[in-house]
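Single chain ahead, by itself, as structure tokens, in the form predicted on its own.
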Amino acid sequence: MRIEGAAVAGIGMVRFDRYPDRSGAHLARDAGLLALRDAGITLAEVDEAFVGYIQPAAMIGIKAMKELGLTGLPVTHIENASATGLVAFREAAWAVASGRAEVAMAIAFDKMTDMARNAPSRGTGRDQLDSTILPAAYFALWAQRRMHDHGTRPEHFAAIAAKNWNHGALNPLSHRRPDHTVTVEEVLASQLVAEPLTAMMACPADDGAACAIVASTDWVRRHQPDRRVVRPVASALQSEAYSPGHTFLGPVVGPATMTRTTALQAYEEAGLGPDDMDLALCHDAFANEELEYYELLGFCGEGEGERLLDAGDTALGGRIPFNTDGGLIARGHPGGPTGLAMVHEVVTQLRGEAGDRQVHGARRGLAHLVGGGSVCTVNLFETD
């Protein structure tokens, strides 16, 4: 889907962390108020809202919106597992681009700490095989497959994790902000989760909320004449298609072709390619994912991800910095709001407001997420 005539008017985010004494609705309220303030408006000026969360409860999105006010605006619940926040943003952008709304809100929240505490000891899947294998084991199997096929070493996965921990140290909204430079050796020495993956190669269970206000480009230029305008230019969303091994891979990891074809669709619709991107944010719940996505998103050829990593190309200062805010591994991954945290980072970078982690001259960015191994979304942004 090519998006025309829409721009990001405001962003807001509650730092991802553990909040045992705060409700999801209150986290959403705080993120929403930050985004409204950034846009310079009140809820009365929002025409439509899309609320994302994956918590297993009805109507909590409406409850969260009531914390912001009672204006009668239409509210729609969006849920697509880890991709929820980016899909909520896609719907808000499309509402504006279609002319249905002049100003729309995408807001998402979750308390993963509550869900983790109440989760069964085994994973939930679509058949008996799926339900006996936890997500960490799926990703570990994917990592083992790459090690077999390409000679990848655990040190490569550790280097990605260390990079993202160190990026997170520069982000005040990151859950994990180490007070020292994290090394490959430190990552490898952390507790083993599922060989070859260690605890520092995995995202934390945390809570949080994030919000983006989307408005027509004319509206943003009128109301924010002194700010660099950041526009979504394309959003591709696909569900999984059958491929060999699908029953085993699909429930969590998902077929690799899903990310490749989704990215190709987004590039084609935008008239851009991976060489046009200045930064990328991808799903890195486990470090080996990021290595795979270097290739699947088109930034290098198959089997060449390790060379891209070893050259420092995906770190800050490199050719195509990945997960500049720390990614899921450091910034955090509460579920629903993760995609909107990505939007927050891309907008911050393209506005030139990222401080010590600023990508010099950034004009275009990519945000990618998979949801439950069953959907994938790739979103492209640019600024003037």
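Note that the structure is a prediction, hence the values are computed from the model and not measured. Residue numbers run from 1 along the displayed sequence.
Quick note: we don't show the form predicted in complex with another copy of the chain, though the next part is all about it.
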Work out which of the listed stretches, 222-230, 270-278, 94-102, 166-174, brings a heavy atom within 4.5 angstroms of another copy of the chain in the predicted complex.
94-102
So, 50, 59 and 87: all three within 4.5 Å of another copy of the chain in the predicted complex by heavy atoms, or not?
yes
Picking from 308, 182, 296, 81, the single residue whose non-hydrogen atoms come within 4.5 angstroms of another copy of the chain in the predicted complex is 81
Of these, 257, 217, 190, 76, which has a heavy atom no more than 4.5 Å from another copy of the chain in the predicted complex?
76
Residue-level question: is residue 72 within 4.5 Å of another copy of the chain in the predicted complex, judged on heavy atoms?
yes
Non-hydrogen atom contact residue 362 with another copy of the chain in the predicted complex at 4.5 angstroms:
no
Heavy atom of residue 240 within 4.5 Å of another copy of the chain in the predicted complex
yes
Should residue 35 be counted as a contact of another copy of the chain in the predicted complex, where contact means heavy atoms within 4.5 Å?
no
Across 1-24, which residues bring a heavy atom to within 4.5 Å of another copy of the chain in the predicted complex?
1
